[in-house]
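Shown below, as structure tokens, is a lone chain in the form predicted alone; questions about how it binds or moves come after it.
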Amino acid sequence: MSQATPAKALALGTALVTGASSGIGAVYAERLAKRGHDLILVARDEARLNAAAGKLRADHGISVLVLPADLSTEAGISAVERRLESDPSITLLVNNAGIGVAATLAETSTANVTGLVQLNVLAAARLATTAARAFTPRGHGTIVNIASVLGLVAELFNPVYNATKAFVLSLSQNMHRELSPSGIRVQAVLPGITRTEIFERAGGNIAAYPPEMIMEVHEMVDAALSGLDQGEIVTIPSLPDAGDFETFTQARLALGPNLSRNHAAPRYRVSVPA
């Protein structure tokens, strides 16, 4: 996988985790607590957050604050932005909150399209940007953006969902380019099918997929954290050979010199009859 300079162990401090009440976010919270991070847990469901926070405090002896926020709203995004801006103890953002949709494009309502873009793109971009502004003057900090392997696959699943995850991947790669000289680490995590509540919430059924395609959420998060420890910029937990992604990246970059030129390619030059 793409490599940054090999990293030391995560610098301790407070980790702010979005989508922390269940699934990937809840497991990140538990794993980071085990490593010794204090936590700020963000999600809509305050009761579930409080229950999770109580258990994490009891199990790991850390400080856990709860920040109920609906990131599909302006008020929710702004509340988390204010916390990122004002709390110098925060050293790690896990930008995880997101939704899916189990429908074709023609079956997807306008409201669902708006919701996908609001949460998966706008909220993710604003929180990542705010964390970058907060971390840069300090010269350290880590931003983990949860994308999806579907960001690499335009031909499957829902076009809008895939596009939102391609956005998160592109955002992360360019953030790494821009922020790494300032000491800020950025990682994009691209899970495949992971056993979480997102399928039921999206109206789908995870049982419809072959078992060999489904990863348990604890294994996915452990792999993602291992990738972070190894200094990866892009982590695909199920990909056996990291060289495959490097080959893909080099092929994409090889297009660069010909993507913007002063003349159209010869195959587009049409003779005009005299």
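From 1 onward, residues are counted along the sequence shown. Keep in mind the model is a prediction, meaning the values are calculated, not measured.
Beyond the structure shown, there is the form predicted together with a small molecule, which is absent from this document and is the topic of what follows.
Screening 66 to 74, 237 to 245, 33 to 41, 50 to 58 for residues having heavy atoms within 4.5 Å of the small molecule in the predicted bound form returns a single hit, 66 to 74. None of the heavy atoms of Gly141 is located within 4.5 Å of the small molecule in the predicted bound form.
In the predicted bound form, no heavy atom of Glu85 sits within 4.5 Å of the small molecule. Although the partner is absent from this view, Ala15 stays clear of the small molecule in the predicted bound form, with no non-hydrogen atom inside 4.5 angstroms.
The small molecule in the predicted bound form is not approached by Phe135, whose heavy atoms all lie more than 4.5 angstroms from it.
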